[in-house]
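Shown below, as structure tokens, is a lone chain in the form predicted on its own; questions about how it binds or moves come after it.
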């Protein structure tokens, strides 16, 4: 679609005068070209500005400025290049530093002395080879991680599936012992792209702990005595995390350990993040009163599936009421405000929600 035509149409929809139109057109052209048109669900002829013009018409003329204001002033968009940069930083900023400290602790030397002699350098290379990297979802960008660390991390250390059966565990150990016949794994990094509420990683339902961490605990039990060193370490890394998730996962890990007791749960889990979104990122009635009013007025509760209800009984502010104005280039998190991503048919006095950044649902 001709961009000048759709900008003119957007100006009419918004009721902008000439000066305001000129100002907004400059911003819209720049942000579309630099970031938003890269959203993977957009198609040729229906990219950001076209989607914005369609999205904003669901609101009354008096409400459109509040909707546009959220996009203009508060939307957080993580592009492909920005996400890839976070993946590339994972090894030098997190893995290398953790292993360097592990070497220093074993040899009783300061971390900065690890590279000053052959013995600690050799131990570092040994511990690196004894480390596994396991993706928790297809958002872990394992392909980018592999390319960024080619020549440093072997393909035999990288597991491209969140669940590992016994045969795969044995293959991983055989590969490790091809280089050292008595070696066992000393650490694991579980990797994912994003965490907002912490519910998917670890939660308590009734009297049971569930989530990816609880599932990994069950699945690793069979091979712990034979495939792992005593005192092995578990690390969980997310490229992007919320301020809330950073706190919640620590609290739940501590609660699970207290409840299960040592030996029946991970004694220690090291959590790390490429970036942590600031505490003030979520919107609320204080920071965005007019837009929060829209989330109440233009809502269709048919988006509340059984999976969404794991985060609470109301999804208008997103899963777990995380209230994020966040878009990731490959998909919009369900923790973001529903008005940004939800698509419904409406009916029976329910509003038909139109998405600005349509979300590809993993659970239907």
Partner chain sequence: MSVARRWDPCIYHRGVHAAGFIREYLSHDDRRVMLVAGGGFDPRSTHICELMTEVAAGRLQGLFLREERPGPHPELLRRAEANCALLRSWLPNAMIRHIQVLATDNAAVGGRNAVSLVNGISLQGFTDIFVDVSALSLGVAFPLIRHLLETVKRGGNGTPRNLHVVVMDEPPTDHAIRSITGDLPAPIHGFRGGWGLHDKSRAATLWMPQLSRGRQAILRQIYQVIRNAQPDTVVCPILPFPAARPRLSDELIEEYAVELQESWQVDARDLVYADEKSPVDLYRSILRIDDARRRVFSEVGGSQIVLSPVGSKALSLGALMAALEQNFTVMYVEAIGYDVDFDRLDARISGPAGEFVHLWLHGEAYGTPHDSEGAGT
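Residue numbers count along the first chain shown, from 1. Everything numeric here is computed off the predicted structure, so don't read it as measured data.
In what follows, reference is made to the form predicted together with its partner chain, a form of this protein that is not presented.
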query: One stretch from 164 to 172, 242 to 250, 67 to 75, 192 to 200 that, in the predicted complex, holds residues within 4.5 Å of its partner chain by heavy atom; finding: 67 to 75
query: is_contact(residue 89, its partner chain) in the predicted complex, heavy atom dist at most 4.5 Å; finding: yes
query: In the predicted complex, residue 267 touching its partner chain (heavy atom, 4.5 Å); finding: no
query: Touches its partner chain in the predicted complex: residue 107 (any heavy atom, 4.5 Å); finding: no
query: Non-hydrogen atom contact residue 230 with its partner chain in the predicted complex at 4.5 angstroms; finding: no
query: All of 235, 293 and 316 within 4.5 Å of its partner chain in the predicted complex, heavy atom check; finding: no
query: Candidate from 330, 309, 297, 33 lying within 4.5 Å of its partner chain in the predicted complex - any heavy atom; finding: 33
query: Residue (of 145, 185, 124, 271) lying close to its partner chain in the predicted complex, criterion heavy atoms within 4.5 Å; finding: 124
query: Sequence-ordered list of residues in 147 to 170 near its partner chain in the predicted complex, where near means a heavy atom within 4.5 Å; finding: 150, 151, 152
